[in-house]
Structures are given as structure tokens and as C-alpha cells.
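Heads up, the chain below is alone and in the form predicted on its own; it's given as C-alpha cells.
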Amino acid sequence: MAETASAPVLENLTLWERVYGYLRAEILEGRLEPGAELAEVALAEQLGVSRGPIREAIGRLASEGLVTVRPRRGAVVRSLSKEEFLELYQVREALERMAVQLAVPRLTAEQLKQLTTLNARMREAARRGDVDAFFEANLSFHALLLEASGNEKLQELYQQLLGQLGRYRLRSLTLRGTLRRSVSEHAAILRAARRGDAERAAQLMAEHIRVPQRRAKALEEAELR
């Protein structure tokens, strides 16, 4: 099958992982919406591969909670219920609070400089109203703190959680308030980190993540879509 921009032919090396990466990106970017069917035959033809790698990739996506496999009916992109959305944010709060507590005593001058730069990028993106640039810097800010924690298992769990929440980033932003508010909250976390106050930085991080939780509780189920 000829290669196209929308459906690239995938190389044979670690083929199922390439299929998995492609489908995961399609889900997280919203091109495959909740409820969309993942038909093995159609996907195999679209991507120019056999059904085996498709089946393995779908299994991996199911283990991450991104798709639901229905016996004899195929797989569909999974949507989060309001309860699941809140539960994921509760887990995120716990993981990031612990990460910050571990990270602050270990932060180097270079890492603090990087956090400062990322917060400045968020501020500039907020000023321009550039949501994509804001989220790129935002994710890097949080990822740096997770990495600085030195706890690989914590980072692994966090990446799995982000996989499920990634599709809802715009909804999370709506629940949070504004980009400017988020920038201010990150700046406060950074100030506490510079002082070496791990407990205060962790508390501020927990409060930062708790904002969308509180607002989501007041929404109807359909409003989270």
C-alpha cells in the first residue's frame, strides 16, 4: 500500500510498537474520539500491516485504559465517566505531591533554571493565547519534577495516568480557570522549590491539581465530554 500523510506505512522493526504509537497519538490528539471503533481488518489495510501487530497494539492500549475490547465485537476508544475522571485526578494529586517532596531536595541549579524557563514559556504562551505552546511547556515543567524525584516507578505510573487524561486536557483547562491562573500557580510552586521548602511546594502542587477536581464534581456526566 502506498504511503500517505494520514495513514503512514509502518516499518517492520518493532511493528506492533509502531502501530501502538500511531493509534495512541490518534486517540490522545482527539482524531479517534471516544466510541470510535478500532476494526482490525480496516486498520490492517489502512496501515499496510497484518492483523497481528494491530491486535497486539490494541491489547496494549486496553491495558492503559484507552480502549475497551468487547468480545466478538471488536474494540472501541474508551470514554471516561465522571467518577473515573475524578479518581484519576485524585491519583495524579497523590503522585505529583510525592514527586515534588522527593524532587525539591534533589533539584540542581540547572534544573531550577530549566523550571524558570518553562514557567516563562507558559507565561508568554498564555499572553498570546497559544494553548498548544502552553501545554507543551506545562507538561515539560511537571515532567522535570517527576524526573528529579529519582523514582522510576513513580514516573512509570505517572506516564500511564497521563495517557488516560491526555485527551481531556482542554476540558481540564476549562475546569482550572485560565492559563494565567495556572502560570501563577506554577510560579508559586517554583518559589517554594527555590527556597528548598519541599513540603510547601508539594502542598501547592496538590492544590494546583485539586482545582479541576472540585469544579468537575459540580458538572453533569455529559459536561465532561
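Numbering starts at 1 and runs along the sequence shown. This is a predicted model, so every value here is computed, not measured.
We do not show the form predicted together with a further copy of the same chain, though everything after this point is about it.
Taking non-hydrogen atoms only, residue 214 never approaches a further copy of the same chain to within 4.5 angstroms in the predicted complex.
For the chain shown alone, residue 94 is a contact residue for a further copy of the same chain in the predicted complex, at least one non-hydrogen atom being within 4.5 angstroms. a further copy of the same chain in the predicted complex is not approached by residue 79, whose heavy atoms all lie more than 4.5 angstroms from it. For the chain shown alone, residue 90 is a contact residue for a further copy of the same chain in the predicted complex, at least one non-hydrogen atom being within 4.5 angstroms.
Using a 4.5 Å cut-off to a further copy of the same chain in the predicted complex, not one of 110, 117 and 138 places a heavy atom inside that distance. When you look in the predicted complex, the only residue of 199, 37, 45, 26 with a non-hydrogen atom within 4.5 Å of a further copy of the same chain is 199. In the predicted complex, a further copy of the same chain lies within 4.5 angstroms of at least one heavy atom of each of the following residues of 125-157: 150, 151, 152, 153, 154, 157, in sequence order.
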